[in-house]
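One chain is shown next in structure tokens, namely the form predicted alone.
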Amino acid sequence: MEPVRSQRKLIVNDVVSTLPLYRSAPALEVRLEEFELFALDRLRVLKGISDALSRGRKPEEMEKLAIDLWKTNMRHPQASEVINKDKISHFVLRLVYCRTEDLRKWFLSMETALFRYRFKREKQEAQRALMAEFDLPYKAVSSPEFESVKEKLVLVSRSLGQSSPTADDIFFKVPFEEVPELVAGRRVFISKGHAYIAMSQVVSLVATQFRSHLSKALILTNRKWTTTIAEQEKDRLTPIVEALSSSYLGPDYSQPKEFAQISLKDIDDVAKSSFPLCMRHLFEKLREDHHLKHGGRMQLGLFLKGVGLKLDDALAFWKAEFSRKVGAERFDKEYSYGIRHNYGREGKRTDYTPYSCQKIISSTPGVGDHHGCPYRNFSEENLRAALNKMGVTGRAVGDVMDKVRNRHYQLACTLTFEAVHGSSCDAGINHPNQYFSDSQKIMQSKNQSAA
């Protein structure tokens, strides 16, 4: 990548802020691998924020988490290139998430949240520099005006448990509709249609401006993408952009890590104790019907490979079930090839990886299929019954159903894991094989404690 050294920085009274407002894409030459890798790094930050918000983290926890995620994922070997990576990753993801209303809504919320957390970490002088960059027509309240409303401002501060403002504090008077969250939370004094906001509350005003700008920019980007870019870049950038919004960001579990293998004699017990609902449902249907369609065979088969079922055992496992329905000869002829293929022993000899939660959730099973995500596809009645069968009862079921209604399917699975194992899972469940691995760790720890 050829860096541009003439980057414009935000300067007010010689104060510099390195927090970009992303008004225009940087004039940089970017290699394809950086195009994708930078976007994935930023996506880890945004998805980390999204997961934590969905789990109801407190505001002070969220700010620290967001900054930690940023420091961990948005580093660059060359310190001078950090701001370039920041800008490139934002504009790449703008392409990725401009394409549908749901994608735009998610990206807009997460980028605004990230901007808010980063803005709050800026020094007051840098914050004022950013306000100037937005060209906001608001000046600090004069001393005489401050004195005229001081009594009201003191009452608001006391109601919020904050120290009383003094003449040295900076306040701005803005139209109340530009700080809706402060008004809704009764955190500002309003007079004649204007809200008096303290410097510490300016983040609300600036974040509203940032969100408005980005929302409009996403609409314009969508028009360019659909009318020009997607077709022009169909052999180069388009496949990358279309894949990024559903990218899985964790380990691929192509090979079992902590647990070397599972044996056929233990597989039923392990399925009850450590399989996530999606795999447990497939396993039980296989035992019940002695058959699964292609989607189910792929989803369960690759999962079993990832948890340590060896090829010979996999062939024996599937043959024992399928032969009861189609006969051993037909199994050998029609089905054994697919199992060997998943293990990289046929065809291109690719070492196929187990499906992530995102891939499973995005699948659309048809009539007679049992693959996909139960939290998404089951009726409420069937899901409640399945949860009860796993040992999830009482309030925990209600909590899971709340996440399902809000389409937070991975969080629903996380809550199921926590209810089944009596242990928290702060990282959240992002992969069925992660569920299995974390479950086995807990099971082994309990067995060792009992011994």
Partner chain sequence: MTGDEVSKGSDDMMIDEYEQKQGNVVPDGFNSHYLKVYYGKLFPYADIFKWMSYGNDGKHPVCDQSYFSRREFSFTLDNEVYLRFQSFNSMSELENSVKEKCPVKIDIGPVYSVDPSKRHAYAQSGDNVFTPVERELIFDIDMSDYDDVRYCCSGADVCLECWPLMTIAVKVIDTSLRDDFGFSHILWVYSGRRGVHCWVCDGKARRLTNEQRAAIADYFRVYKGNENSHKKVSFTGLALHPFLARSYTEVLMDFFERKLLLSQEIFSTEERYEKILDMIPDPDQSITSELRGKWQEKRRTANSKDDINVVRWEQLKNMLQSGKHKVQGLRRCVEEIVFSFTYPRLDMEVSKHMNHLLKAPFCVHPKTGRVCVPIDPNRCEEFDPTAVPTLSNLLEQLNIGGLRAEVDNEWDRTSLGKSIRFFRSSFLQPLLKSCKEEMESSYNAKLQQSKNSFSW
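Numbering follows the first chain given and starts at 1. If you're wondering where the values come from, they're calculated on a predicted model, not measured in any experiment. Between two forms, the rigid core is the largest collection of C-alphas that superpose within 1.5 Å.
One more form of this protein exists, namely the form predicted together with its partner chain; it is left out here, but the text below deals with it.
Heavy atoms of every residue among A184, I190 and R223 are located within 4.5 Å of its partner chain in the predicted complex. Note on the interface: of 297-305, 82-90, 375-383, 316-324, the segment with non-hydrogen atoms within 4.5 angstroms of its partner chain in the predicted complex is 375-383. Using a 4.5 Å cutoff between non-hydrogen atoms, R128 does not count as a contact of its partner chain in the predicted complex. Residue contact with its partner chain in the predicted complex: K293 places a heavy atom within 4.5 Å of it. Its partner chain is not drawn, but in the predicted complex it has a heavy atom within 4.5 Å of G368. In the predicted complex, T364 approaches its partner chain with a heavy atom inside 4.5 Å. This chain is drawn without its partner chain; in the predicted complex, the residue among V206, I339, L108, V156 with a heavy atom within 4.5 Å of it is V156.
For the residues K173, H281, R118, R94, the 4.5 Å heavy atom test against its partner chain in the predicted complex is passed only by H281. No residues of 58-86 lie near its partner chain in the predicted complex, the criterion being any heavy atom within 4.5 Å.
In a rigid-core overlay of the protein, D369 has its C-alpha displaced by at least 2 Å between this form and the one not shown.
Superposition on the rigid core between this form and the one not shown places the CA atom of L153 less than 2 Å from its counterpart.
Comparing the forms between this form and the one not shown, the C-alpha position of A385 differs by 2 angstroms or more, with the core used for superposition.
Pairwise change in the predicted complex: C373 and R42 C-alpha atoms lie farther apart than in the shown form, at least 3 Å. In summary, the C-alpha positions of K359 and W106 converge in the predicted complex, ending up at least 3 angstroms nearer each other than in this conformation.
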